[in-house]
Structure formats: structure tokens, C-alpha cells
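Take a look at this single chain in C-alpha cells; it is the form predicted alone.
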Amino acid sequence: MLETLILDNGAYTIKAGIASNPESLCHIPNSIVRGKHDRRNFVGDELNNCQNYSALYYRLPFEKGLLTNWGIEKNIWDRVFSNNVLKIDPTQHNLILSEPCFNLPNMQEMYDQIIYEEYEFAASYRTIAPKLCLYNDIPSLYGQRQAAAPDCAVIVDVGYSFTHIVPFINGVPVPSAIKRINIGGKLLTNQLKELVSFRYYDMMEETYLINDVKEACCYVSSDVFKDLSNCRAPPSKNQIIQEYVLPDFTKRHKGYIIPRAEDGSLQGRRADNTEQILTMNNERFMIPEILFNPSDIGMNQAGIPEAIYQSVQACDPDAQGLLYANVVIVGGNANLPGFKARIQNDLRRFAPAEYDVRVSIPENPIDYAWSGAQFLASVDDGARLQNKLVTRKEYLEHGSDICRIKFGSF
């Protein structure tokens, strides 16, 4: 029986590995990066070898959440399949591949062409990442015993380019109720980059560095107005302000937060004179706040809790109670501290009082779709997956039509 390769092809990171070997899972930057100082191109995981992360130039295969540049993507996939990373022969493997929600038909045909004609995979199953998340043990997220997947669930994928809210009833997504918010990790990083450049240093070319600052310092506030008031206090009494030491890429290749003194103040724990300090105050929580109030930056869209409410209300009324009780948040932004509690509190205000609201975030929300695909490939010795696969022989005989029929389109 052929091994199954799982490729969760995210716009920011590719999660790739062999289903039978969880330790093979690797995270590959989905980009080709040119270093200004290294003067070479870094394909995928080669970015780890970069000596100076300042002023990197990114070439991305995804644009506005859709895979538009297969020339770049193919170079990255070549690297992933090569002896440098996974060491696999595509012709001897089945493939589970994630695609964006609402992927365009002509782009889906390009996926199939690359999979079956370029790489000659033996068979493949292409679907959206939220669908793969359903194969995980969702009841255990709420402290319940392992059971079959819930009849109804809402998967909130807070990704790199967009945030998608996808409700499922009996394991099938409800296309008319899927909501998309044009905000993701990329927009938050760019917004922080502009804010820091306006208030402190010119960081408009420092995408990699600002992304590190965002991941280290930002959090989701449970009371924005209270935190804004606290930010106006003197530094010695301000518990929100942080000082982030920027890397110089000679002695330090990674920035860090200066720890506070024992009394909680910043006094007495200053960096030396050779270090550049970035002071993070209300930026820490006002950047993630965009996910909840897009109108703060002039976007006429609902925030995540309101969009979840709109999505559930667009479903069958008989299923709404179950949907509110099974909200699962995945994606890189779900790692922001305070994210789950804020969604829970805000969604409780929107949802009807007679329904319970339960929100969960997996231990590793970035890999949740991959782990779901792994379960699909292993359950019943792969028999469940076999029913979903389209073989290369079927593709060569029927073309992309067979993939459209068997995979569906959302």
C-alpha cells in the first residue's frame, strides 16, 4: 500500500509530512526570499540559513489568499519533496492537499494538472483545510470522551490572508453560510509595521522582524478601554508597556523583551547603550483588535465574533444550538494570548440566551488541519481515504471533471 503525503499548503507556511510518520511533519515558509545582505535566494526552509534577516524581499505564490504563481510554488514544492527535506518520490505516494476556500475552477484545474501531470502522484484528495480539521477528536477539546466527529461544528480559520468561518452540518460545509473577513496575519503585520514606522523607527522593509515583534509582544485585550487607560500611566506604573530589544544581526540574530524588575517596573532593567529598543505600549493590543473591529482601520466588515454569529444564523435553525456549542479556532493568529476568552465573551453577547456557547483552540492550532488529515489517512487502514481519492489513471481518462465531481467545490 502506498504511503500518503499530507500537504497543508498554507499561504504563509506549508505543513508537510508523511501520514504514517508524525515526526516527519515539517514547517516550510511558503515563499522565496532574497536577502539584501546575503545576496542570494532562499527557497522555503533555506531561510533558516539566512545570516541577516534585515530588509528581506519576499516572493509569494499566494496573492489575496489564492495560489496565483505556480512558478514560485513549484520551486518550493521541489524543495519540499527533495532529499533536503522529505526525501520522497511523488509517483510512489498518494497526496492529501489543502486548498483555499472558494478556490476558482480554473485554479483548481491547475492544481490537478500540477499534481497528476507534473509530479505524477499516484492519487490525490484535495479539500479545504477546515474540512480536514473535522477529522480530529473535537469533543476532547471540551473535556469530553473521544467520540465521532460532532454533527455540527464551526471552524474559524484565522489565516495569513483571510479569516474564514465555515459551519459544518453532518460533516458537510454550508456554502451559503461561509463568511470571509479580509483580515489575517499579513494585514496585522503590515499594520504594525506602519505604526512602528510612524511612531519610532522606519521599519517598512523589516517584515520578518516586525512579524517576530508581533508574535512576541501582541495579545488580545479583554477590555480595550481599560487597557488604553492603563497605557497612559507613567512607565513605572504601566503594566502593559514592554521594551523589545531589536536584533543587530551581528551579536544578536533574535530580538527579546527586557524583563521587568522585581517590583514590576521597567526601572533598573535597561538595555545597554549599543542596543536599539522598540517600546511597545498600546500597539500590543490595538493591532490584534483589528480582528474584532475592522472599522478601526476603515474596513466595512464585521469582526470575528459577529461574523461567527452571522454564519450560524444563516444555517438551519434546528442546528444553530449545536453550532454555537462547537466553535473551533485554528490558524496562526489563534496563538495570540487572550484570543479564546475574547471570542467566547463577545460571541456570548451575540448568541441567543437559550444556546450554550463553547469556544476551543487546539493545543497546536497551526497543525490542526494536518493532524486531521493524518487521522483520515490512518482510520480503518486508510479505507476511508481510499473512497475519496482520485487516481492518476482516472484523471488521465476523465480530466479535472472527475476531481470536480468527487472533491466538490467551496
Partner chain sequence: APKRNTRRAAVATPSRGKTASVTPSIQESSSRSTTPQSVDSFSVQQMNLLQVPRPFKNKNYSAPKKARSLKQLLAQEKQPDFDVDLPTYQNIESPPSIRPTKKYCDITGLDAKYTDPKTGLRYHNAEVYQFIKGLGVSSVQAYLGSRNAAVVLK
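Positions refer to the first chain, counted from 1. Just so it is clear, the model here is predicted, and its values are computed rather than measured.
Another form exists, predicted together with the partner chain; not displayed. Remarks below refer to it.
Heavy atoms within 4.5 Å of the partner chain in the model of the complex are found in exactly one of 98-106, 244-252, 203-211, 303-311, that being 98-106. For the candidate set A153, I114, L187, C315, a heavy atom within 4.5 Å of the partner chain in the model of the complex is found for exactly one residue, namely I114. Among D223, D78, E215, E194, the residue placing a heavy atom within 4.5 Å of the partner chain in the model of the complex is D78.
Of the heavy atoms in N41, none are within 4.5 Å of the partner chain in the model of the complex. Proximity of N69 to the partner chain in the model of the complex falls within the 4.5 Å heavy atom cutoff.
A residue is said to contact a partner when one of its heavy atoms sits within 4.5 Å of a partner heavy atom; K74 meets this definition for the partner chain in the model of the complex. The partner chain in the model of the complex is approached by M110, whose closest heavy atom lies within 4.5 angstroms of it. Contacts with the partner chain in the model of the complex, taken as any heavy atom within 4.5 Å, map within 47-65 to E63, K64.
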